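Single chain ahead, written as structure tokens, the form predicted alone.
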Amino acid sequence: MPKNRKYTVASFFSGCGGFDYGFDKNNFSILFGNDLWGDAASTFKVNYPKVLFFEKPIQEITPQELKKIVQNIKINVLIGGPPCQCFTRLNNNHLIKLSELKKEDERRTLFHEYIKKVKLLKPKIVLMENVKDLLARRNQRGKLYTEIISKAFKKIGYETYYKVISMEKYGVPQKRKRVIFLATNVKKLIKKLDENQNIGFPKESENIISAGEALSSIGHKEKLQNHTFTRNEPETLIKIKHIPPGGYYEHLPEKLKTKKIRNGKEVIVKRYGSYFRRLHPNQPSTTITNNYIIHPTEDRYLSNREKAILHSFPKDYKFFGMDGSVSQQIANAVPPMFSEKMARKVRMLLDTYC
């Protein structure tokens, strides 16, 4: 296959387009995207205005609709990130309750819908992103989801491989672990991956970018979209001022911690490590979530634009929606810097083995 060929890619569970970004930058032709969330769909459309978008649940996209779009075009790569909230440890209480009721979170089965689309479209390479916690999760029958996913792919002729990715080792100024599944039906590539699955994933880098370095790219007077700051109450600002670099709620003086009465005694309320978390200027950011995060050197919360930069989105990437929606879109996305490196690796695999 000739070098620099215009390969095709399509995505499901596209969100605001972080995964698609890297493939677009590596000269892949994006055939379509998909998400049911209106704000994320609007963000995707404004950044990829020429790409068709299915704004509805994946299970409602019919084979006829896909065939009409694809026609005689061969899809080389399929990418997607089925909902991860149903696997993350941050959702443990909800998962325990479902377990007691012997029910599954319906979102846990959406990867089956993704695999149905793989069966229909027959791409040479499939990528699927999710939280690292998925690797330890089991269904109500006790089966690991990694085994369930691998067997489902194998049933339609694909072998799967996966790797836990530490995003800070791929140019993203953020500590964020995700699992990337790579599936293929190409025998030559399967043989190579069976010998060494690492050839299917980009190499890690020793060049770690700190939060302070990444945020220094924004000038103090620079006017950017989504670069507005939360106005804090005086008592909140006092707490923020007492958080040291890299610290959080537990580092507050006891007089500033939340208290409540328990068994007739006043006790200090415990909080998660993300509560009142301040970034350290000389370390990568903590995982970007929809929570408030304190700037490493200024006594305020990060703007959404700063969150986007720590997620490795370019400064001119547009986001649609209210502040909370934009924050969640960023938190859900595959970091563009990693997607660029992954897309480059996928192009090499297609050139060499497909």
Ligand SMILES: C[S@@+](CC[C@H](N)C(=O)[O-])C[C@H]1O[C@@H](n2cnc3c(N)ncnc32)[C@H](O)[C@@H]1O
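The first residue of the shown sequence is 1; numbering continues from there. As the structure is a prediction and not an experimental result, all values here were calculated from the model.
Note that the form predicted in complex with the ligand isn't included here; everything after this is about it.
J.: May I ask you to state whether Pro83 is within 4.5 Å of the ligand in the predicted complex, using heavy atom distances?
T.: Judged by the heavy-atom cut-off of 4.5 Å, Pro83 is in contact with the ligand in the predicted complex.
J.: Taking the ligand as it sits in the predicted complex, is Gln59 near enough to touch it, meaning that at least one heavy atom pair lies within 4.5 angstroms?
T.: Contact with the ligand, yes.
J.: Is there a non-hydrogen atom of Phe338 within 4.5 angstroms of a non-hydrogen atom of the ligand in the predicted complex?
T.: Phe338: no, not in contact with the ligand in the predicted complex.
J.: Is Phe19 one of the residues lying within 4.5 Å of the ligand in the predicted complex, judged by heavy atom distances?
T.: Within the cut-off, so yes.
J.: Only one of Leu110, Ile199, Val179, Leu256 comes within 4.5 Å of the ligand in the predicted complex by heavy atoms, so just point that one out.
T.: Result of the distance check: Leu110.
J.: So the ligand isn't shown here. In the predicted complex, which residue out of Thr287, Ser303, Asn34, Ser325 has a non-hydrogen atom within 4.5 Å of it?
T.: Looking at the other structure, the residue within range turns out to be Asn34.
J.: Sort through 51-59, 24-32, 65-73, 289-297 and report the only stretch with a non-hydrogen atom within 4.5 Å of the ligand in the predicted complex.
T.: Checking each option against the 4.5 Å cut-off leaves 51-59.
J.: Hey, which residues along 329-354 are within 4.5 angstroms of the ligand in the predicted complex, non-hydrogen atoms only?
T.: Result: Asn332, Ala333, Val334.
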